[in-house]
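Only one chain is included here, represented as structure tokens and corresponding to the form predicted alone.
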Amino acid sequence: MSTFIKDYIERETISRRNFLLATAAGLTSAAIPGAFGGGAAMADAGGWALAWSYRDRASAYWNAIVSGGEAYTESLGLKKDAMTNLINEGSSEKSLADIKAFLAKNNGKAAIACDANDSPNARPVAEAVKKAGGYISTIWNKTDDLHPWDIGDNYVAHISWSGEKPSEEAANILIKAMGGEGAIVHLGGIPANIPAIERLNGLKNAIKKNPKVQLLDSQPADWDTTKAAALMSNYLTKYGNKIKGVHCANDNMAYGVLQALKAEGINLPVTAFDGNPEAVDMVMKGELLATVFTNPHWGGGIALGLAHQAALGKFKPSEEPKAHREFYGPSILVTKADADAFKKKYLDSTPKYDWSDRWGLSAGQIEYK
């Protein structure tokens, strides 16, 4: 973890602790510098407070997501800290409680981007925002029976990324590296997370088309490097040399897999997902076969931008087609053949985006099976 990210997390933890202590002592938000945004920032944002609600900033992926929200905030002529960070630490209860507190602090005048942490939490979050009169866009996690148009204009949009197709493409690269036969183990994310489900389905789709390949085992490692290292060690103990390839649902877990393999002096082909800088470097070095980039910086910026622009009345969500209310973001498969060019375009410098081009990078309406 970089020093920047560590410092950021410590700063946010202290800020939240101060807020909770002040609340317990009966202090108002005015007595807490920077708590849930400032009045001047609201004025510059057209009277709307801005916030991003997410798990944490410890991973490069989520750091990129939130940096996109900050880039949108800066495009308004504000400092990036005018956007409040609501860090839920992987707790759906905390996610909902923080959003309700932010709405109350700002009398409902809030534009929020949110990953609800798990799919069932998206509904109470969206309903709370609607009740308060705020606006929200969500990414990644919601149940299939929840749609923004069922809640109304206050639930502006939901953005996801098609996990199945790129995951299947990564699995095909893995199977080719295995010589078209053998057993694969899969390390998955939190079971209730939509991307975890889709990325496992992508692997299963590839295996169905390759009769000499089998899925030996699939277990969740909750997107976590340490848990993935422990799980991979267990796989090696249980299955030994039966394992011919490893399919990971995100980059962080792939890092743990590589640690476990290195500890045993074993070299196996491994694929990942997210396109983080460290993973791309590993692809360039041949340590990883492939990763999948989902442009988190753009996703973080456009999610907040859609909520805020709808709040400002720049567009009316209910007048937009459903493909603008639920849509996929872009995905790019990164292999050793194209990793250098990819790195120069997306990682060595951050592309500048026109946040008023709301659906320019959309990969189409979300499909449900």
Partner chain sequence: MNRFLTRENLLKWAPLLVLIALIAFFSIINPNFLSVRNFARLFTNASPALMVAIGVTFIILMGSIDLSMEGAVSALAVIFCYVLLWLGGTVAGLGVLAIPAILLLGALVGAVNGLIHVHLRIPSFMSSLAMGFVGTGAAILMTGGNIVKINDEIFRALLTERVFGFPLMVYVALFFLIVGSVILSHTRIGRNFYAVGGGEDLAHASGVNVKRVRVWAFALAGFYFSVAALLQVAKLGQAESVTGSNLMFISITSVVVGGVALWGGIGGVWNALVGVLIVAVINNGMIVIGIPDFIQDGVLGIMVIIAVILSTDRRTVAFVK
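Residue numbers count along the first chain shown, from 1. If you're wondering where the values come from, they're calculated on a predicted model, not measured in any experiment. So that the term is clear: the rigid core is the largest set of C-alpha atoms that superpose within 1.5 Å between two forms.
One more form of this protein should be noted, the form predicted together with its partner chain, which is absent from this view; the next part is about it.
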(request) Sort through 145-153, 166-174, 289-297, 255-263 and report the only stretch with a non-hydrogen atom within 4.5 Å of its partner chain in the model of the complex. (result) 255-263
(request) Identify which of 227, 100, 123, 244 has a heavy atom within 4.5 Å of its partner chain in the model of the complex; exactly one of them does. (result) 227
(message) Considering non-hydrogen atoms and a 4.5 Å limit, which listed residue (233, 162, 210, 85) is close to its partner chain in the model of the complex?
(response) 233
(message) Can you tell me if residue 198 lies within 4.5 angstroms of its partner chain in the model of the complex, counting non-hydrogen atoms only?
(response) no
(message) Taking its partner chain as it sits in the model of the complex, is residue 75 near enough to touch it, meaning that at least one heavy atom pair lies within 4.5 angstroms?
(response) no
(message) With the partner left out here, check for me: in the model of the complex, does some heavy atom of residue 238 sit within 4.5 Å of its partner chain?
(response) yes
(message) I'd like to know whether residue 335 contacts its partner chain in the model of the complex, with contact meaning heavy atoms within 4.5 angstroms.
(response) no
(message) With its partner chain taken in the model of the complex, which residues across 58-83 come within 4.5 angstroms through any non-hydrogen atom?
(response) 58, 59, 60, 63
(request) Determine, after fitting the two forms on their core, whether residue 293 shows a C-alpha shift of 2 Å or more between this form and the one not shown. (result) no
(message) Rigid core superposed, CA of residue 158 - does it shift 2 Å or more between this form and the one not shown?
(response) no
(message) With a threshold of 2 Å on the C-alpha, tell me if residue 268 counts as moved between this form and the one not shown once the core is superposed.
(response) yes
